[in-house]
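We begin with a single chain expressed as structure tokens, specifically the form predicted on its own.
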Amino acid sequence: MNLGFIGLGNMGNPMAVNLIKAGHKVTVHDLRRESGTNLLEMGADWADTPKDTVPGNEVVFTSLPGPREVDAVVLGEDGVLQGAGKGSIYVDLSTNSPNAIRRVHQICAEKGVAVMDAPVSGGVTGAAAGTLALMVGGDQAVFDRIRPALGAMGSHVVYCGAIGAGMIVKLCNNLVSMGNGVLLAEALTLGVKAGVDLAVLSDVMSNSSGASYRLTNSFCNSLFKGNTAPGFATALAAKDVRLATDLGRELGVPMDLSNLVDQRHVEALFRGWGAFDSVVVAYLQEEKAGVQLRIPGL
């Protein structure tokens, strides 16, 4: 397929790499041309504006930080919609607000442009390996048409329902993941302060009912090593948690624990940790408990 791809950051770049490796012809755009150097070396074409990613391409993807950036890239001056026409397909891989993507869908539909939401999960490692989970919302016939491209980026591609359904599933998933991180930090600092070796505690929990992806992947690969390089940045985690709690308020769903998780992420942002991996939220618990969760030699 001929594809456009906008947003070549930590997630977008490796996803675009996998599209090229799968044999798709890709046109790329980012605010920083140097972000696409490796892709251009692989044979990708460069577009000077989001609008320029559309001509000659069957689908245009975006991988962007959030709703504001998506609106600007799709609906703004020299945006995707200005270059699109009847039959064009736009797919948002970002984690966005369900209402925001529905609004984009409605505006684009007036011009005959199909919009799909397809947020991803699996972090930078999954993006590089092509093993992401993709949660897709929109018209099922369009989903069937673009599935070969989606399959090049992820190994678990799921049609979730009408437009916005993918975003809802992703927000629920990330809310649980970030909530697990906060609870894990409390449980682990408790165990360590009570005298148990962290490596032992982590090993047992990873192979018992307390196991979670947050423990066996994020904490073991980042927190326990003291590694704060962003696999999933705190600013993005905070944004996702807030989108989820906002949705809860909109729908009248009680979310007592989720709002506590939200505030913990707000505190981490206030500390200036937004660019660090989201595991740094556990540092707040470490400070309060007087315990550091590190495993030497891991």
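What you see is a predicted model; the values in this text were computed from it and never measured. One-based numbering along the sequence shown.
Below: the form predicted in complex with a small molecule, not depicted.
Contact annotation: of the candidates Val54, Leu64, Ala44, Leu247, the single residue with a non-hydrogen atom within 4.5 angstroms of the small molecule in the model of the complex is Leu64.
Residue contact check for Leu19: none of its heavy atoms lie within 4.5 Å of the small molecule in the model of the complex. Within 4.5 Å of any heavy atom of the small molecule in the model of the complex lies no heavy atom of Leu260.
For the chain shown alone, Val115 is not a contact residue for the small molecule in the model of the complex, no non-hydrogen atom being within 4.5 angstroms.
Proximity of His29 to the small molecule in the model of the complex falls within the 4.5 Å heavy atom cutoff.
With the small molecule left out of view, the stretch that reaches within 4.5 Å of it through heavy atoms in the model of the complex is, among 136-144, 123-131, 183-191, 77-85, 123-131.
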